[in-house]
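Heads up, the chain below is alone and in the form predicted alone; it's given as C-alpha cells.
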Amino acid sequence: MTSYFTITFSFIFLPLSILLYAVAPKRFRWAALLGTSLLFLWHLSRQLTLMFLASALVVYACGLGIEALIARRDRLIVEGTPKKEARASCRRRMRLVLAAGIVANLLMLFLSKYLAFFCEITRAVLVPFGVDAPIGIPPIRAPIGISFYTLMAISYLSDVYRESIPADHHLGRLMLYLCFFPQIMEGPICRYGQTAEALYAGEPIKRGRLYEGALRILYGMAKKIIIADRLNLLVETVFDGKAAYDGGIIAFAAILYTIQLYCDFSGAMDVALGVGRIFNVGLPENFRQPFFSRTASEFWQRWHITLGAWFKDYVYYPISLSKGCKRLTSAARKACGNRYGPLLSGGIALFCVWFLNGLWHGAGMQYLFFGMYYFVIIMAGGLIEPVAQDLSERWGIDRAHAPYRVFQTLRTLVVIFVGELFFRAKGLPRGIELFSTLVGSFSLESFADGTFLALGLDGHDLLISAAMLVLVLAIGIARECGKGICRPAASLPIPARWSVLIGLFLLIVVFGAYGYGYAPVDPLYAQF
C-alpha cells in the first residue's frame, strides 16, 4: 500500500476503515479514525512514524504553553497591571515558545529532507577556496507527507499565538488533525479550524455522502490511472532518457508532463476529498480549473490552493506588514509614486514566498529555479500591468473581450509549460539543456514522420488519453460555471446513480494504464 491508488487501499484498507468507523460508538469514532490514520502512516513510513509522533507532542506542548501565557497576560490585566505592560511581559515568552515549536518541526524536516542538499551546496561553495572535503551524510529517508504535516503544525501554532483558535487540550484530536489518512500523503494543507471539530464529532455515515464520496474517489482514480499513469511512459522516455530529441518532442513532453502532474495530483485530491466526504469532513478544495487562468498569479490561486494560501497567510503577510517593510513602502512611495512604490516591499515578501515555495517542493536547484522563475514572472506582471492597462485604454482594446482573454490564457499556458519543463528535469543543467533544445532546435519533423509514436505511447494510448481529457475538460467547464457533478449525480434515480458509478468503475478497469507494458507510478506529489 504505497498510495491511494493501490488495490490494498481501495478494496481492503478504505472499506475496513469505513466499517470500523461505522460500527464504533459515536464517542470513539475519532479514535477509530486516528488508529487507521496511524496504521496508514506506519505502513507508508515504518519506524519513521516516530518522527510524526515526536512532532505532534512538541506541537501539543507548545500550544498549551502559548495558551498558558495568554491566560497569564489576561490575569495580569484583570489584577490591575497596565495592558501595555502585561502584554509586553508575556509577548516575548509567547514568541519564544512559538519559535521553539516551529524550529523543532523545521529541524526534523531539514534533517530528513534537506541536510544532504545543503551539505552539497556548502561543499561547492568551498571548492573555489581550495577546500574540497567530502561531507558524508548517511542516507535518511524522509517520511512521506512530512512537508504537509509540518506546514499544518506551524499553522496550528501560529493560529494559537494569534488567538485565532484556542489550544487543543485533547492530544488525540490534535494528532488526528495532523495525520488524517486521506490528506497525509499529498494534502490538502488544512487549518485546524477547518477540520479538527468535524474529525472529532464522529457524525454517522449516510448514504448520500457515501455515494458522493465514492463518485469523487472513482473520478480521481480515473484521472490518475487512465491519463497520468499512461502519459508517464513518454514523459519518462524524454526527460530521463539519454537520447537527443528535437524541440518539438521536448515541447510535447513538457505539455504531457503538465497534464500528467495535474491529473495525478488533482486525482489524489479527488480521492482525499471523497474520503473526507464519506466521514463528513470537509477538506478544502486544492484545485479550481487552473488551466483557465489568464495570468501566472491567477494560476497559483487555482493550483495547489492550500499551499498558496498557507504561504500568503504565514509568510507573505507577516513580512509585508512588518515594521521594516512598512517603512520601506513609505520611502518607496515618495521615490517611485503610489503606483510602483508598494511593489518594492511587496517584492521582498514575494521573493521569500517563492524561494520557500521552490525549496518546499524539493531539495534541488531545479526547484529553487522553479520558484525564482515564478517570482520573476509575477513581479514582471505587476510592473507591466499598469503600462498594459494604459496602452489598452489608449488603443481601445477591450481586455474583457473573448479574443483578448483567449490570448491571455494561451500566453499563461506557455509560461506554465516552460516552468514544468524545468520542474520535471533531472537537475537544473538538464533543464537548461532541454530548454535550449526547445528554443534552438524546434522542429515538427518527428510528428510528420510518426517517430514520436515510438517514445512509449502509440495511437491507441493517445486516443484513450485524449478522450478522457475531453471528459475532464467538460467537467472542468461545468465547475467553472458553478455546476458540480457529485451532488447532482446523487439526486438521480437509483438505477441512474448506480449506472454512473458502475460505468466509471468499468472505465478504469477497461482503459486504466496497468498490467503488461505499464510500470506502477507512485503519486508524483508525495515526494514533495
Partner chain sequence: MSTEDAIIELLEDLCPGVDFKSCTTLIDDRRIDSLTMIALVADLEDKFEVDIPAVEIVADNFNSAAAIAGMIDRLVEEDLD
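Residue numbers count along the first chain shown, from 1. Not measured: the values here are computed from a predicted model.
Keep in mind the form predicted together with its partner chain is missing from the figure; the text below concerns it.
Novice: Among 270-278, 233-241, 320-328, 255-263, which stretch has residues whose heavy atoms lie within 4.5 Å of its partner chain in the predicted bound form?
Specialist: Within 4.5 Å of the partner lies stretch 320-328.
Novice: Is there a heavy atom of R73 no more than 4.5 Å from a heavy atom of its partner chain in the predicted bound form?
Specialist: Contact check for R73: no, nothing within 4.5 Å of its partner chain in the predicted bound form.
Novice: Using 4.5 Å between non-hydrogen atoms, is G247 touching its partner chain in the predicted bound form?
Specialist: It does not: once its partner chain is placed as it appears in the predicted bound form, G247 has no heavy atom within 4.5 Å of it.
Novice: Using a 4.5 angstroms cut-off on non-hydrogen atoms, would K83 count as touching its partner chain in the predicted bound form?
Specialist: Yes, contact at 4.5 Å.
Novice: In the predicted bound form, does T195 come within 4.5 Å of its partner chain, counting heavy atoms only?
Specialist: Contact check for T195: no, nothing within 4.5 Å of its partner chain in the predicted bound form.
Novice: Quick one: of S446, T437, S112, Q301, which gets a non-hydrogen atom within 4.5 angstroms of its partner chain in the predicted bound form?
Specialist: By the 4.5 Å heavy-atom cutoff, the listed residue in contact is Q301.
Novice: Heavy atom within 4.5 Å of its partner chain in the predicted bound form: which of G419, P342, G456, P290?
Specialist: Partner contact (heavy atom, 4.5 Å) among the options: P342.
Novice: In the predicted bound form, which residues of 155-172 put a heavy atom within 4.5 Å of its partner chain?
Specialist: Heavy-atom contacts within 4.5 Å come from R162, S164.
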